[in-house]
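In structure tokens, one chain follows: the form predicted alone.
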Amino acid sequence: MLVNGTKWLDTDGNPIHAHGGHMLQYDGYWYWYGEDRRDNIYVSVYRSKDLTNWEFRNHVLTTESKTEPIRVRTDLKLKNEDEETPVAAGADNADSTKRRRYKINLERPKVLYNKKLNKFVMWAHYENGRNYLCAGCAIATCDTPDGDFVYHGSFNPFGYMSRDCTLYQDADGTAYFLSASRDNADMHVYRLTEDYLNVEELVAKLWQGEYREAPAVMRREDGKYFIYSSYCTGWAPNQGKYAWSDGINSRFSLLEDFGDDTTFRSQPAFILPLDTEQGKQYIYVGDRWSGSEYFSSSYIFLLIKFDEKGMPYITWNDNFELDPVKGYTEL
């Protein structure tokens, strides 16, 4: 049994640090990636065969990760230096000032498998660690889902700001990157190149001036696409909303309410699709943030249901069981 909104532990008994994360199914396992801001870590990954018991696998991206340029001109820095205090006169030090290294910010890491490269490709939101002005995206790759990712740097897609983000892989393998732009006022949808290492086209600018963040995408079996998102209220939860379309790069509907007025005290992380004995299921996975105690932030998993018009909704339940075959069962 799993309990929503509580601290979840891995198989070693340690808290799972996969905030703002994403799941990928590969070779019999589910891999759960997410933010891990402890020490020199940026992104960690866990894996499971049953979606209930999660084994820690690796800190896949850290301040010490290998960096490697790609054809896109990017900023490859994984840590920065900041001047502190002058060294005392006569000190045995070649530098005249002490310097400290500080981390950049990598948020909402999402990973897809690219068949063309035979690599796992990560996209994330990048900030420089001193302020929130860079508003860029960052890319990393690896030959395995839980190995040491190589960092390929950050950039602004077509020169636009890029903050809260997600990846979506369509049935034909085409990948899309969604990110909040223009100081979060608009949501941009980019089609990626075949290798997932660059944006190819800005295919949509959604909800101009409506300030949406934390996007999560799914496609239902009837062909309808849904984007879930939150309003911009910092760490505080707010009323989630969704919109639908007949194509990821087509016109989307107006935004409609999703969940209660705080989305059950959560913010969208991703949608988990499952082919189960009960049929196709879609699980809303949300972060329950704790701004004052980030590392105590937890997760909620809720079954997305659909009304007679085919529109999605969620209801609260404390306890549930989750299995790739049996699916999501409310307790």
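Note that residue numbering follows the sequence shown and begins at 1. Source: prediction; values computed, not measured.
The protein also exists as the form predicted in complex with a small molecule; that form is not presented, and the subsequent description refers to it.
- Here is the short version: of Asp146, Asp195, Asp186, Glu107, the single residue with a heavy atom within 4.5 Å of the small molecule in the predicted complex is Glu107.
- Against the small molecule in the predicted complex, the set Asp260, Ser266 and Trp316 makes no contact: no member has a heavy atom within 4.5 Å.
- Looking at Tyr132, you'd find a heavy atom of it within 4.5 angstroms of the small molecule in the predicted complex.
- The small molecule is not drawn, but in the predicted complex it has no heavy atom within 4.5 Å of Glu210.
- When the small molecule is considered in the predicted complex, Trp235 lines it closely, a heavy atom lying within 4.5 Å.
- Picking from 107-115, 242-250, 133-141, 173-181 the stretch near the small molecule in the predicted complex, with a 4.5 Å limit on heavy atoms, gives 107-115.
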